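Listed next as structure tokens: two forms of one protein chain, kept apart as structure 1 and structure 2.
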Structure 1
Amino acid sequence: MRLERELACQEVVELVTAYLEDSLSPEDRERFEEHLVFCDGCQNYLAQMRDTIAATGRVPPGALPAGLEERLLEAFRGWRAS
């Protein structure tokens, strides 16, 4: 079913991830894209979500607490010796 009403920006921002994941129905995808054509604010929002995803991709995986890394290594050596 297609709603004739236009999307409001407040709805668009909640659909951004579904849009990027390609999980909107073809109709909703069309409404989403139609909205973007005339809305600078939502264009910026979408661009910022894309920038956010790209920047998060540059975050390193993170370090384990030193004690845990040590315990894991010991476990590995124990397993190898067994």
Structure 2
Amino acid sequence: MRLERELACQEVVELVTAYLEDSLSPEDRERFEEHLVFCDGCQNYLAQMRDTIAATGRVPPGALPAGLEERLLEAFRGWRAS
């Protein structure tokens, strides 16, 4: 079955975290992976994200100083809105 709509590069960028955390629906995962087959730029972006995660690891809960987590979340929300 062919999906109704292909993902654009911007959508792949917005979904990459959910993809890496395996939290996309099967349909969205298929659309995501289909896009990667034809888009070298998004393949490279995904590889860079994987490398970044491997290099930096994960921040354990409670490891950030008080207020920093909220400031970071606000910064990302502002970036995403622009």
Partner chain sequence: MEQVLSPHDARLLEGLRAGDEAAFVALMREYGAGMLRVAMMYVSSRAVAEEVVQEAWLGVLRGIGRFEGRSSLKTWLFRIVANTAKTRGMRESRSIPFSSLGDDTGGEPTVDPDRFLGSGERFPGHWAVPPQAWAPEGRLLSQETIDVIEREIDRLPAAQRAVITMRDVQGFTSEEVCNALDLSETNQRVLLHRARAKVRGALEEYMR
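Think of the rigid core as the biggest set of C-alphas that the two forms share within 1.5 Å after superposition. Values in this document were obtained by computation on a predicted structure and should not be read as measured data. One-based numbering along structure 1's sequence throughout.
S.K.: Among the two displayed forms of the chain, which is the form predicted in complex with its partner chain?
M.R.: Of the two, structure 1 is the form predicted in complex with its partner chain.
S.K.: Return yes or no for G57: a CA shift of at least 2 Å between the two structures, with the rigid core superposed?
M.R.: The answer is yes; the displacement is at least 2 Å.
S.K.: Establish whether a shift of 2 Å or more occurs at the C-alpha of E70 between the two structures, with the two forms superposed on the rigid core.
M.R.: Yes, shifts by 2 Å or more.
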